[in-house]
Every structure is written in C-alpha cells, then in structure tokens.
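Listed next as structure tokens is one chain, alone, in the form predicted alone.
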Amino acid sequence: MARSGRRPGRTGTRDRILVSARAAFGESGFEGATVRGIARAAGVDPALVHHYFGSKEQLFVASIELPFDPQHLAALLVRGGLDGLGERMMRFAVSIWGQPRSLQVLLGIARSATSDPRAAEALRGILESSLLPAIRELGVDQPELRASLIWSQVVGLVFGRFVVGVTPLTAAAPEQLVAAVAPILQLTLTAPMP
C-alpha cells in the first residue's frame, strides 16, 4: 500500500520563504512587508511561514542573517594597516552591493532600521562587533568616533543610492564611488580629530 502525506527529505520551502522574505524586506522594509505577500511570492500558504518561522518578527531576524562574517571581514580589512584602508573598505562595500543576496539583506536592514528596533540594533551591531574593534586595533586616537563616522558615511551612501535613489549616486559606476569616497574614509581614519 502506498504511503500518503509529505515525501521525506527537504522540500526547499523554508529556503523559498527566506528568499521571498529578503526581497520583501529589502523592497518594503519591516513595516511594509506582509506575511501574506511573502507567502504568495514563495508559492506557499501563509500558515507555512508561521510553521517555519513563528512570526513576522522571527522571519525578519532569520532573513537578515548576513552572508559573511563581519568580524572576520573587518579583521581582514585592517590587516593591511592604516595605509589604503579607506579604499579597501569602499571596495568591499561596492563588492557587497554587487551580490544580490547581500544587497537584499543590507537593504532589508537599512529600510527597516528607521521603524523597527531590531533592524536598528542589527545595523548598530555590525558597527560595534566588527568595524569598531578592528579600528581600535590600529591604535588611532578616538577609534569610536572614527568608526562611527566611517559607518555613517557608508550607510548614508547605501541610503542615498539604494533606498532614496538619488540619481547621481544611482548613475555612478562603482569605480567612481570608490574613487570619490575612499579618500574621505581615509581622511576620517587619519586626520587629526578635534
């Protein structure tokens, strides 16, 4: 007699839901994304979203998991020392924007950070757990202020280019952005602080 019910093994449903959630949070932020819309895009019943993730909040937390380790990455970036660090940082930022999954995760965090405390905490957490310790290791004065200024410049560029859609920023080639912003980041790291 043939067995009825679900076939054994992975169905990929959870992964499809996560892909849809990243896209929805990336486009609409936490407040604008809906469980029904995410389920529809994934081709599943909304009950399955709740089955796999429990709530919209838990789905959001699962969907904003970065596809790289920020602490390890920051350590690699500063390994080359202070010289050229601004350019290495900008090249990394631009490379992340070129990866659709990474960009969706970062946009989901960025768009949601203005209205959701979990997203704001995730954004601060990347700064506090990766960039700040790495800059402290360089032995520069006021590492907290320098790291925060660099972070605000990069996050501001992400908002301007991808969230607000400021035309000169959206039209600029990645190399133009690296050439324009890397010297500013380098000055932020090396210029005397008041």
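Numbering starts at 1 and follows the sequence shown. What you see is a predicted model; the values in this text were computed from it and never measured.
The same protein also exists as the form predicted together with a further copy of the same chain; that form is not shown, yet it is the one meant from here on.
With a further copy of the same chain left out of view, choose which of Ser55, Ser152, Ser129, Thr34 has a non-hydrogen atom within 4.5 angstroms of it in the predicted bound form.
Flagged contact: Ser152.
Exactly one of Leu138, Val61, Ala47, Val163 has a non-hydrogen atom within 4.5 Å of a further copy of the same chain in the predicted bound form; which residue is it?
Checked against the cut-off, the match is Val163.
All of Ala113, Glu144 and Ile184 with a heavy atom within 4.5 Å of a further copy of the same chain in the predicted bound form
Yes: each residue has a heavy atom within 4.5 Å of the partner.
Even though a further copy of the same chain is not shown here, does Pro67 get within 4.5 Å of it in the predicted bound form, heavy atoms only?
Output for Pro67 is no: heavy atoms all beyond 4.5 Å of a further copy of the same chain.
Wondering, does Ala39 line up within 4.5 Å of a further copy of the same chain in the predicted bound form on heavy atoms?
The answer is no: Ala39 has no heavy atom within 4.5 Å of a further copy of the same chain.
Any of the heavy atoms of Ala120 lying within 4.5 Å of a further copy of the same chain in the predicted bound form?
Yes - in the predicted bound form, heavy atoms of Ala120 and a further copy of the same chain come within 4.5 Å of each other.
At 4.5 Å between heavy atoms, is Gly156 in contact with a further copy of the same chain in the predicted bound form?
Contact check for Gly156: yes, within 4.5 Å of a further copy of the same chain in the predicted bound form.
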